[in-house]
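The chain below stands alone and is given in structure tokens; this is the form predicted on its own.
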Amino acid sequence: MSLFVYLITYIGIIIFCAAVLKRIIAYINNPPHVRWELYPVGHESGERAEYGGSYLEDVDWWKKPRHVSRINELKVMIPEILGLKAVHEYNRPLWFVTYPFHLGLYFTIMFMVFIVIGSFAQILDIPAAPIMAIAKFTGPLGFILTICGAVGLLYKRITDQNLKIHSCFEHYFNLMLFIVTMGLAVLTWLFVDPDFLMAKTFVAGLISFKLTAISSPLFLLQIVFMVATIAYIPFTHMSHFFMKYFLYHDIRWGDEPNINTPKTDAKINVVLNYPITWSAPHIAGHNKKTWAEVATFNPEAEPEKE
């Protein structure tokens, strides 16, 4: 049975990595988006960053060197990632349940990282007591916070009309999956593997390909649910945990000037030659066949023929 679980784990990891890579490649190959023109932009530098300005304010901006501040970018990203700043500001009741959920996932990821480090230490026969001490703290805390947050989010989706009308089966299923998976992790920690030595041995077996047999059915069941959840995440809206990078850096903050950029020009040319399918009178009424014709048509300068 344990060998079967090892095999499932390898397959789950491969599926997760392949799905993440596929989503990223699909995004990169998408047509270019229309710029939001939203300010402030996180990486703007200098005095303009204080009031949400832009390098476009400069006269002849295209002739001047452009400065990007990674420090200012981090000032926006870190509070958003670690504190869900936007939700805290604009939807405080939701923040009280979604933040424990996300914080629990952060601690769970930390737990998994320290288990992997501890497993390498076990393989190399290096003492790993401090590492495992951190794992023993972050693991249970992460499991419990995730369960509390998932239960809270489930309750909010059921009772809050603003969320309920936008919720579908997938939302409820995902939350229940986390509750069951983390519930199994808590039971395993309480009754089977309180020091996570079994978990460390299992991961060491995965890394070294020395598949040590594990006798606990509860532990193996927990592994199956954990791996299935990890493999499933990239196929759902929860993939925002890595796709948000593109939301911020390419869509919200994508202000790279389109000057001497042949690749970008080629993508734009493809989009401009898409046929028009809109039925809006101000578009369809011009009798244009492509977006390039619409973009270059001035109804004031070129009156339409009756």
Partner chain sequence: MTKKSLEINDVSKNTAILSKVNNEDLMPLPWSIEEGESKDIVQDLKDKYACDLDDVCVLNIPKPQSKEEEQEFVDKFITGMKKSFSKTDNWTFLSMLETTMENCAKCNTCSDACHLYEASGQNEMYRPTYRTEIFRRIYKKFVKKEALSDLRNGKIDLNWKTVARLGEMAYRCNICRRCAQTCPIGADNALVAREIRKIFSQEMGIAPPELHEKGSVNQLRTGSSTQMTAMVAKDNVEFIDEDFSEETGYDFKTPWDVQGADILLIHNAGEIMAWPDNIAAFSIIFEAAGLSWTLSSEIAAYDSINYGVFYDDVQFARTAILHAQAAKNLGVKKIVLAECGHAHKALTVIADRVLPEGLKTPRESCFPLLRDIVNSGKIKFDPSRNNFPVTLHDPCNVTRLMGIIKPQRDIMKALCPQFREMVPNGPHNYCCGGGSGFAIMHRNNIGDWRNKLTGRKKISQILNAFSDTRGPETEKYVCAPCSNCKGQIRDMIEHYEMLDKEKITYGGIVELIVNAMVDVNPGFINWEEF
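If you superpose the two forms and keep the largest set of C-alpha atoms that fall within 1.5 Å, you have the rigid core. Positions refer to the first chain, counted from 1. As the structure is a computational prediction, the values presented were derived from the model and not from experiment.
If you look for the form predicted in complex with the partner chain, you will not find it shown, but the lines that follow are about it.
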> Looking at 128, 198, 112, 87, which has any heavy atom no more than 4.5 Å from the partner chain in the model of the complex?
Replying inline: 87
> Do residue 163 and the partner chain come within 4.5 Å of each other in the model of the complex, heavy atoms counted?
Replying inline: yes
> Do residue 65 and the partner chain share at least one heavy atom pair within 4.5 Å in the model of the complex?
Replying inline: no
> Does any heavy atom of residue 168 come within 4.5 Å of a heavy atom of the partner chain in the model of the complex?
Replying inline: yes
>> Just checking whether residue 252 would be counted as a contact of the partner chain in the model of the complex - the rule being heavy atoms within 4.5 angstroms.
In response: yes
>> I need the one stretch from 188-196, 153-161, 67-75, 135-143 whose residues put non-hydrogen atoms within 4.5 angstroms of the partner chain in the model of the complex.
In response: 153-161
> Relative to the partner chain in the model of the complex, which residues of 27-56 have a heavy atom no more than 4.5 Å away?
Replying inline: 27, 29, 30, 31, 32, 33, 34, 35, 36, 37, 38, 39, 40, 47, 51, 52, 53, 54, 56
>> Could you check, with the core superposed, whether the Cα atom of residue 264 shifts 2 Å or more between the shown form and the other one?
In response: yes
>> Superposing on the rigid core, is the Cα displacement of residue 291 between the shown form and the other one 2 Å or more?
In response: yes
>> Taking 2 Å as the cut-off, check whether the CA of residue 54 shifts that much or more between the shown form and the other one after a rigid core fit.
In response: no
